[in-house]
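In structure tokens, one chain follows: the form predicted alone.
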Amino acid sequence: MNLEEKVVIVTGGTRGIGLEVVRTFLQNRARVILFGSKEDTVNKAIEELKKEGLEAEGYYPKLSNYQEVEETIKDIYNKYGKIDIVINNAGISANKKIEETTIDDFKNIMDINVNAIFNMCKAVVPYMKRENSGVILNTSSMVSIYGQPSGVGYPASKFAVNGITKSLARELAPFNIRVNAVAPGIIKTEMVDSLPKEVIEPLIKSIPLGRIGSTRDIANAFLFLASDMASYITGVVLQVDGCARN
């Protein structure tokens, strides 16, 4: 899936799934710009990739601030002359019961998981329309389909991501801009690695494929949806979960 000369932006690209997406797209010859929350984490990710012989560029706009996002997108467009693919991966999770969730907690989740995606899409769409071409991909979650027993803000935000995905797919189809999402299941990240064995083993038993997913499993799903192999796919929330079910 050669993405040579494609200009790709990945938010939340400094670790976990996001960093693996950046790595995978670079290995497929894309020009990748990663976004992170802080200068030091962006620089650390870029250095890690350099050690692997991969070269990326990085920015750290506050994604919930539209003006910062708009200015950064403009800078990237002016530098490269186009933006082909945007992957909205930045996000935070939640696990507090509703009585313990503050108004600020809920607002923060919505700012990062929903408003940031709106801001990115609003800023980038005019440039994609100029080219009559583009791909927007969002990170959803299996909890957007099944919910979760606590931390209501997280599944609520991912339900919103699905709505943005499906609605923009319809709105932007006349401009040859495809919009899809990937909904990861249980993925082997630092957070999952820190869980005790007695928590992990029942989770694995609930997955028909018999294993926890890898970050590369998710990156490959993004790669497929970004490529011309998915040129007739839009408005889809692709579950990548080993057929995990509640």
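Numbering starts at 1 and follows the sequence shown. The shown structure was predicted, so the numbers you read here are calculated from the model rather than taken from an experiment.
Beyond what is shown, the protein has a form predicted together with a small molecule; the following relates to that form.
Of the stretches 74-82, 126-134, 87-95, 162-170, only 87-95 has residues with a heavy atom within 4.5 Å of the small molecule in the predicted bound form.
Of the candidates 46, 177, 207, 187, 187 is the one whose heavy atoms come within 4.5 Å of the small molecule in the predicted bound form; the others do not.
Though the small molecule is absent from this view, in the predicted bound form it lies within 4.5 Å of a heavy atom of just one residue from 112, 121, 152, 145, which is 112. By the criterion of a heavy atom within 4.5 Å, residue 192 is counted among the residues contacting the small molecule in the predicted bound form. The closest non-hydrogen atom of residue 30 lies beyond 4.5 Å of the small molecule in the predicted bound form. When the small molecule is considered in the predicted bound form, residue 16 lines it closely, a heavy atom lying within 4.5 Å.
In the predicted bound form, the small molecule sits within 4.5 Å of a heavy atom of residue 37.
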